[in-house]
Structures are given as structure tokens and as C-alpha cells.
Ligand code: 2P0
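There is one chain below, alone, in C-alpha cells, taken in the form predicted alone.
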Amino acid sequence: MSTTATAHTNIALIKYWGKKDTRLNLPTTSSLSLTLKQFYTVTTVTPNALADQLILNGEESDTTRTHQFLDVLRGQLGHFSPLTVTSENHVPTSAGLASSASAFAALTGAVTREIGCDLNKVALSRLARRGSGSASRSFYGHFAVWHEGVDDVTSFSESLNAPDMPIALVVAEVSSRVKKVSSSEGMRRALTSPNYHDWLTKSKLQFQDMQSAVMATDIEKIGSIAEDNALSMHALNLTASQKPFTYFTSETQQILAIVQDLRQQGILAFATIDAGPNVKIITTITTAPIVTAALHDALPHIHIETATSGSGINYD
């Protein structure tokens, strides 16, 4: 017997960048995301009599992180036998496009179904958070919020129940290579920035403002807040007192300049960037082709794809 689950990536429009509890993956601030239809992970779990095993994109892979997470689930849900985890990532891995979010959400959903645990999405989000913080948001379609909480019970995600809107993200894939600084290490370094406390204070206010903008379907305001939040987050990396760094490449900077130029022309376009060099441009479905054309003209060699609002977790 086996169980298959599909979960989509989500892109945080209000970022979490720092942990106040690394064991429980409790973030220093709440976050808000948009689930993407075009990027997802399909995961199948099958009982295995020997040991936990991971097959990622058709190849046997290092099982360490998966095994550790499965042991967390065993501690929370009761012992279950070793599993073979077969996962297909329809998104670049470890390149700042939230592959871990969809991967751990799909894994959590598949495992709980396989062992007969009928859990609601809030409970699933708490479990998935232990594998990847952002995975907690991938159980929900459209817009989701992750409450930072103060302990395991109060740190969970839920749907924002927002109205439909013609929002789109033009994804400019600068690189699909594994990033040199992992998200966890990047957060650890960012915490040493002298500006970190100010960023937290600002981010908490933006979290409230973003919820209002989403419920009002104000895509321009959504984009404006998201861009400011993301660029402020990345500025922390540059000002870290311990090993300052940046995920940006020259092409990342070039895309940011193109986005700014488009806005000066009156075209709705705002950038957001996660832990990696790839840029997501927030726009509308009708304006996305204009943004895509501008990027193709300047950077014809990079892969560009338009993503729209996606659904929550589902099972085969």
C-alpha cells in the first residue's frame, strides 16, 4: 500500500527570516504567502521493511533530513515502520523557489494519510513546520498566514479566505543551482544584524497592512508592501555582523532595475525575492506578458514562467 500527496510551493509576500526556537522552527515574526499553481511536489510514501529511504527526482538521495523529520512525526504521532519516500519536485531544489515548502507539506500529508491519521490542515501545518517553516503555509490555496506563536501549539498556518483576484507572479529563474548559504544559515547570520530588531518591528506592521491589502484585492499595494519587505530582509544579510553575505547576483540586480523601470512607465510590477537569486515579479495576469517581454529582451537566456494562484494540498 502507498499514499500520494501533492502540495504546491508558496511565496511569502511578508517574509519570515529568523527563528526564535530552532528545534520547533518557531519564527521571529508572522508571515503571509501566495500559493503557486505552477510549482509543486508530488510525494508517495510506501512501507519499507529496512530503513527510511528517499528517492528524489528519480535518484536515491541523502536521507538525513527526511529521516530526522520522519522521526519527529513518529514522536508526535506514534511509531510507524520505515518508509520509502519517492518525491518529484516540479520546481528547482534549494534555489529560493520554496521547494522545501511543497516537499515537506506533501510528505506530511502523505505520511499522516498512510498511517491512518485524519488531521485537519491546522494540525498538519504544525507538523510540517518542524521540517520546513514555510511548509506550514502550503496546505492552503491562494493566500495563507503563518502565525509566529510562542510555542508548538500557537505557531500554525491558516487560510486568509481572501477574495479571488487576477494576481500573477512572473518568475525569473536566475539560477537553479543549490544556493551557497542555506536558508537556516542565512537566518542565523541575519540575526546578528544591528538592524534586525527594527526590521522585525516594521515587518509586524507590514503583516497587518498586507492582510488589509489582500482582502481589498489591491494588487498594487500588495506588490508595494511585498517589495519593501523583501528588500529590507535582504539588507539584513549585508549588514550581518557575522559573515555578511548576499543571495543577489548581477542578474538579480539587473532584474530589479527592469522592474523599477517598468513601474516608471506606469506598468504594475513589484519584486519579491526569497533566499536565493531568483526574482518573482508581482503583477496581474493581463500585465504579465508585458513584464515577461521586458525580461526576455534584456536577459534572453534566463527561464521565465508566469505563476498564478494555486490550490492547497490534495491526495491521489
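One-based numbering along the sequence shown. Being a predicted model, the structure only gives us computed values, none of them experimental.
The form predicted in complex with the named molecule exists for this protein as well; it is not shown, and the discussion that follows is about that form.
Proximity to the named molecule in the predicted complex holds for all of 19, 25 and 134, with the criterion being a heavy atom within 4.5 Å. Of the residues 34, 275, 255, 45, just one reaches the named molecule in the predicted complex with a heavy atom at 4.5 Å or closer; this is 275.
Checked against the named molecule in the predicted complex, the candidates 208, 154, 81, 184 yield a single residue with a heavy atom inside 4.5 Å, and that residue is 184.
Under a 4.5 angstroms non-hydrogen atom cutoff, the named molecule in the predicted complex has residue 65 among its neighbouring residues.
Heavy atoms of residue 12 reach within 4.5 Å of the named molecule in the predicted complex, making it an interface residue.
Proximity of residue 111 to the named molecule in the predicted complex: non-hydrogen atoms within 4.5 Å are absent; the residue sits far from the partner. Proximity of residue 100 to the named molecule in the predicted complex: non-hydrogen atoms within 4.5 Å are present.
Segments offered: 176 to 184, 209 to 217, 69 to 77, 83 to 91. Contacting the named molecule in the predicted complex at heavy atom distances within 4.5 Å is 176 to 184.
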